[in-house]
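Presented below, as structure tokens, is a lone chain in the form predicted on its own.
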Amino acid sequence: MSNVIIAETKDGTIHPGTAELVTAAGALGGSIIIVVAAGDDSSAAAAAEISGVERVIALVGDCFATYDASSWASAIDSVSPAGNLLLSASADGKDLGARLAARRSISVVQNVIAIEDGNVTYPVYSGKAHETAALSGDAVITVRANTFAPAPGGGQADIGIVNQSADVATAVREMLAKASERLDVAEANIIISGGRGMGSPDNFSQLEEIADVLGAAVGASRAAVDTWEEIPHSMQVGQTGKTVNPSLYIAVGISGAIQHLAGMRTSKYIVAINKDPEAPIFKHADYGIVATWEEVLPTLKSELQSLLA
């Protein structure tokens, strides 16, 4: 079971109450993931240092400049794995939590002050009494501030970034910078794969051009292989194709079905490019760009040529 914490941010820093939410999530049992929604990924590192956190998803987008419940709920829901969702019981947190619960058709429990043995306690009758309820499935839980001790630091959680901003060029440059921090170029082996989202087998030439720049191999998803005769089975990455373990795996127009993930999820650094913000592959990518391949690939090729010139 996953417990997904939606962190509040301000001026590039996460709210101190995020560490309290980690303690609350720990009382539920299961893995702990933090989603940090902001204009950039600068606050993700602080979330990754909280002890007990398994993974941080930095959700970067223009919509996070000011609070808008509808767009925030849509964007956060798209990258958050299934499980319990925890937010602080602030005005925005309660509003956002209710919208997320509605989108997922799950229960919402507001203003929780205690969690024990799968039960949550919250005040009723204007705080004159407390009520305890048992959780029978995934739920959205908003937690009152200063009721749980903050989790300590010292954590080293992995950070994944999903960039939904409209500035594709900046997203590509940031993606390349993040990959460079993680990879030793001298040892890197690279695969760039296309899916049915490429639209036509002719468009795989765009992948081949980037592969030529990087010295990479070109792969494909099963959906692409099954759809187009021009894409041979020898290119297929996945459960019924090849299992690969490159340093860098770039997935373009691939939704991220479990069969494909089985063949590449051990890659050291995974980049996903897909126009669908709800594509499952974003939940597994180290860096994701929400945009069409037509927008991203020309910019990616240009930036790579400049870097490697």
Ligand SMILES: Cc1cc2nc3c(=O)[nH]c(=O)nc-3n(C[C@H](O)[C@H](O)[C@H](O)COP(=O)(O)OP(=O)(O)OC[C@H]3O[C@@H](n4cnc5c(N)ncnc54)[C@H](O)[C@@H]3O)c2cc1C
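We call the rigid core the largest set of C-alpha positions that still match within 1.5 Å between the two forms. Sequential numbering from 1, following the sequence displayed. Model, not experiment: these values are computed from the prediction.
Just so it is clear, the following notes concern the form predicted in complex with this ligand, a form of the same protein that is not shown.
Option touching this ligand, based on a heavy atom within 4.5 Å in the predicted bound form, out of Asp276, Glu54, Asp40, Glu49:
Contact with this ligand in the predicted bound form is made by Asp276 alone.
Ile161, Ala171, Ala223, Ala151: which sits within 4.5 Å of this ligand in the predicted bound form by any heavy atom?
The residue in contact is Ala223.
So if I measure heavy atom distances to this ligand in the predicted bound form, which of the stretches 25 to 33, 40 to 48, 54 to 62, 247 to 255 falls within 4.5 Å?
Among the candidates, contact is made by 247 to 255.
This ligand contact at Leu87 in the predicted bound form, heavy atom, 4.5 Å
So Leu87 does not count as contacting this ligand.
Does Ala19 reach this ligand in the predicted bound form if we count a contact as any heavy atom within 4.5 Å?
Close contact is absent here: in the predicted bound form, Ala19 is far from this ligand, nothing within 4.5 Å, heavy atoms only.
Indicate whether Gly93 is a 4.5 Å heavy atom neighbour of this ligand in the predicted bound form.
Result no; Gly93 lies far from this ligand in the predicted bound form.
Partner proximity in the predicted bound form: Ile14 to this ligand, non-hydrogen atom cutoff 4.5 Å
No, Ile14 sits far enough from this ligand in the predicted bound form that none of its heavy atoms falls within 4.5 Å.
Contact set, 228 to 263 vs this ligand in the predicted bound form - heavy atom within 4.5 angstroms:
Gln236, Val237, Gly238, Gln239, Thr240, Gly241, Gly253, Ile254, Ser255, Gly256, Ala257, Gln259, His260 sit within 4.5 Å of the partner.
With both forms fit on the core, is the shift of the CA atom of Asp226 between the shown form and the other one 2 Å or larger?
The answer is yes; the displacement is at least 2 Å.
Would you say Ile258 moves between the shown form and the other one, meaning its CA shifts by 2 Å or more once the core is fitted?
Indeed, Ile258 is displaced by 2 Å or more.
Please determine whether the C-alpha atom of Val237 is displaced by 2 Å or more between the shown form and the other one following superposition on the rigid core.
Comparing the forms between the shown form and the other one, which are aligned on their rigid core, Val237 does shift its C-alpha by 2 Å or more.
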